[in-house]
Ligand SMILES: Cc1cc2nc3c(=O)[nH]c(=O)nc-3n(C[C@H](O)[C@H](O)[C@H](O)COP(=O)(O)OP(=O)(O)OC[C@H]3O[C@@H](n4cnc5c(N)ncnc54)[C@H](O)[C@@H]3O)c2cc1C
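First, one chain by itself in structure tokens, the form predicted on its own.
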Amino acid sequence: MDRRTDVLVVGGGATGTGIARDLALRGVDVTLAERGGLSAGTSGRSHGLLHSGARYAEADGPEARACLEENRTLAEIAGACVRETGGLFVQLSEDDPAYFEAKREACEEVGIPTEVVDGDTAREEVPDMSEDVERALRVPDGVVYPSRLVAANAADAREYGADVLPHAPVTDMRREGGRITEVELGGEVDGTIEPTHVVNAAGPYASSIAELVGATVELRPTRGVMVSVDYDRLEPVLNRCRDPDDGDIVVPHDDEVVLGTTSVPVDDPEAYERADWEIERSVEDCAKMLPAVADAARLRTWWGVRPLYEPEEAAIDARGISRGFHLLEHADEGVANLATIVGGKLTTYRKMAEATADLVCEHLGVDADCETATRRLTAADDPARLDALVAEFDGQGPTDEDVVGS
């Protein structure tokens, strides 16, 4: 395969496929290259929480507002890619009540709908909830099925003319005159792309992609473990109402719940330790909210790596790094047609894609508005079709493998 394209998007997670969809809808010729099947990286190895913004409300108001806005947008456009379950931030007897109040006040300031309920009322909704739960804050959290979401975005992009290459790792890039001129793709493609612009949406691998042309992306990736256990009696997402820490999220699926997560820095997003203590701590701490999960059968365990970007604060604890996204240009490094998008969350992937597509269209001289916030995703109302697309794009991740195709 040897061809030209307006934009080569490197990375087939939610952000990469979202960018490809956005650009294709604007009439841009797009090629998307992923090395190991769509959603093979961070997107498909998340805990699947559709954020309401409440988790970040007191620490990062703008990011919380972005989560709330995108939560509502996905509810409109994503159909069976998401599930509106609601969520509870629960305060245990050992938790600081002042933090609960700060959370509630911050949510109110951001505009996140909340309702305070006492422990007994919370236990009526979640009968197995711990007796140590004193009160809870109801928020509009939900669940996202990333394999379906990524496949739907890729299918939309393809429908509007994009080439989607799920097994096409970037093996080399050549630069001449301050621009990338050729990109070598291996795998099933084994050919050369001549792009006008390149978007690096490779998540935790963004640094290694940029290095191919002498550019720098300073990431501080962290790993986190998720444990799926056999439990079918939970409807709302449970969040521990305290400073973010290990084992403070329980995400419901149909017959399982996902427990998570940890945050441990890694040097290599491919080769890193998978420690048993992370599993045990996550289960133990989640069981403080929902004791039944401690003895539930463990069905799947997986780790994901977050592509956090914070070069100026690399010494701080990883949980303090902004969860907002960063859109980088590399012209000052001698690569005028390369942009990198890192950070962010699965919930805000569409917003990240829109910002990136706006930048690329500006460089290409394309005058077209973003349509992704109002146009419903391909097959959004057809779970079977969505799951067929997941299989077609080799996009099954561990997060939702109990739901997809079931």
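Numbers follow the displayed sequence, beginning with 1. Note that the structure is predicted; figures quoted are calculated from it, not measured.
Only in words, not in the display: the form predicted together with this ligand, which the text now covers.
Quick one: is A14 in contact with this ligand in the predicted complex, heavy atoms, 4.5 Å cut-off? Heavy-atom contact with this ligand at 4.5 Å: present for A14.
Contact flag, I209 vs this ligand in the predicted complex, heavy atom cut 4.5 Å: Yes - in the predicted complex, heavy atoms of I209 and this ligand come within 4.5 Å of each other.
Counting only non-hydrogen atoms and a 4.5 angstroms cut-off, does A201 reach this ligand in the predicted complex? Residue-level check for A201: yes, a contact with this ligand.
V10: heavy atom within 4.5 Å of this ligand in the predicted complex? V10 belongs to the contact set for this ligand.
Heavy atom within 4.5 Å of this ligand in the predicted complex: which of A80, V170, A215, I112 fits that? Just give me the one. So the residue touching this ligand in the predicted complex, by this definition, is V170.
Residues E34, M226 and L346 all lining this ligand in the predicted complex, heavy atom within 4.5 Å: Affirmative, all three are within 4.5 Å.
Just one of 360-368, 22-30, 44-52, 374-382 has residues with a heavy atom within 4.5 Å of this ligand in the predicted complex, so point it out. Of the stretches listed, the one contacting the partner is 44-52.
May I ask you to list the residues of 287-310 that have any heavy atom within 4.5 angstroms of this ligand in the predicted complex, in sequence order? Read in sequence order, the residues that approach this ligand (within 4.5 Å, in the predicted complex) are G304, V305, R306, P307.
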